[in-house]
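Presented as C-alpha cells, the chain that follows is alone, the form predicted alone.
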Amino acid sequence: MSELAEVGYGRLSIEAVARRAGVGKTAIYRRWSNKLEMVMEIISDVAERKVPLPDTGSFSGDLQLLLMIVSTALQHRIASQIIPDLMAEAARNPQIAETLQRALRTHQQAVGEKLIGQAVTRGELPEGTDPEVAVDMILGPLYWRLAVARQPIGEDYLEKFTVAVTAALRATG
C-alpha cells in the first residue's frame, strides 16, 4: 500500500513492491499474477474490514462520531494518496471501477441501515427517511472536501456539519 500511495497505480510495479517488501519478485508473482490482481485484493481486503458503526444513543452523536472516523480515514497519509489515484484509475479500468463501487455500496448500505435505521426507530428522523439519500448527504460532502478539493477541516467543522445534516434530514426525511 505504501508503494501504491507513493507512485500511484500507473507507475506501480511488482518489482518495486518486492524490493520494498524485501523479497524477490517471484514471491510476489506466486501470490498475484500481475499488479491489477494485487491491487484488487488490497481494495477488497480494505473494503471487507468492518468499520465500527457508532451507537452513542443519539443521531447527532452517532453522526458526529461517524464523521470523525471517516474524516480521520480520508486524511490518513496513505489513504489520502491512494483513494484519489484509484478513483481516477477506475475511470480507465472497469475491474477497478467495479471493485470500488462494490466496496462503497456495501459500506454505504451498512451505514444507512444502522445509522438512519436507529435514528428513525428513536424518533429522531421521520419515518420513510431514505437511507441511501441520507448517506449520500452525509459522506458525499466530506469526501468531496477531503479527497477531491483537499481542503482541511477546521476545529468546529464536523460539529457544524452535523447540525446542518441533522436539520436537513429532519426537515425532509
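Please read all numbers here as calculations on a predicted model, not as lab measurements. The first residue of the sequence shown is number 1, and the count goes up from there.
Not pictured, yet referred to below: the form predicted in complex with a further copy of the same chain.
Proximity to a further copy of the same chain in the predicted bound form, defined as a heavy atom within 4.5 Å, holds among E132, D55, E41, E127 only for E132. In plain terms, the part of the chain that comes close to a further copy of the same chain in the predicted bound form, with a heavy atom within 4.5 Å, is 133 to 141 out of 59 to 67, 23 to 31, 118 to 126, 133 to 141. Annotation: in the predicted bound form, residues I14, A18 and Q95 none come within 4.5 Å of a further copy of the same chain through any heavy atom. Though the partner is left out of this view, V46 does not reach within 4.5 Å of a further copy of the same chain in the predicted bound form, counting heavy atoms only. Contact check for Q101: a heavy atom falls within 4.5 Å of a further copy of the same chain in the predicted bound form. In the predicted bound form, none of the heavy atoms of S71 sits within 4.5 Å of a heavy atom of a further copy of the same chain. The shortest heavy atom separation between S80 and a further copy of the same chain in the predicted bound form is within 4.5 Å.
With contact defined as any non-hydrogen atom lying within 4.5 angstroms of a further copy of the same chain in the predicted bound form, the contacting residues in 88 to 117 are A88, E89, A91, R92, Q101, L104, R105, Q108, given in sequence order.
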